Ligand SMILES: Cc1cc2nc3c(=O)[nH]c(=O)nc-3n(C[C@H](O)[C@H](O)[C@H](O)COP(=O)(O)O)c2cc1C
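Single chain ahead, written as structure tokens, the form predicted alone.
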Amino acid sequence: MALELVRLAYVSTLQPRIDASDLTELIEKAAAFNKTQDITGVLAIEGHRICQILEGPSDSVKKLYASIQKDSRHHGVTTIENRPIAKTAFESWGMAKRNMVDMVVYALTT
């Protein structure tokens, strides 16, 4: 039986104390963890606003998102989309920091 894949997109606001070095460390750790969980996606940051799309096995994405919602480094975590998908769209992106416009353009064209 195949795993159910989901796409979950959310927005949030970083706490003012979070700086560029904090983000770099967070992104590196998240990318390594996500790879072990078969989670792909993309993270866009503009100022202190975050938009992230996570894709992968439903249970893995659900657990990761629960952790994100409890993370004190940001607040106002709001789900934009959470739905089953047939296949992932962001495998080649990695969990790298992207420009918000790049991510929106890609999402609208897939």
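Note that residue numbering follows the sequence shown and begins at 1. Please read these numbers as outputs of a predicted model, since none were measured by experiment.
Not on display, but discussed next: the form predicted together with the named molecule.
Mind checking whether each of V61, K62 and F90 has a heavy atom within 4.5 Å of the named molecule in the predicted bound form?
Not one of the three qualifies.
Is S67 close enough to the named molecule in the predicted bound form to count, meaning some heavy atom within 4.5 Å?
Yes, contact at 4.5 Å.
The named molecule contact in the predicted bound form: E81, any heavy atom under 4.5 Å:
Contact check for E81: no, nothing within 4.5 Å of the named molecule in the predicted bound form.
Within a 4.5 Å heavy atom cut-off, is D38 in contact with the named molecule in the predicted bound form?
Output for D38 is no: heavy atoms all beyond 4.5 Å of the named molecule.
Taking 4.5 angstroms as the cut-off for heavy atoms, does D71 touch the named molecule in the predicted bound form?
Yes.
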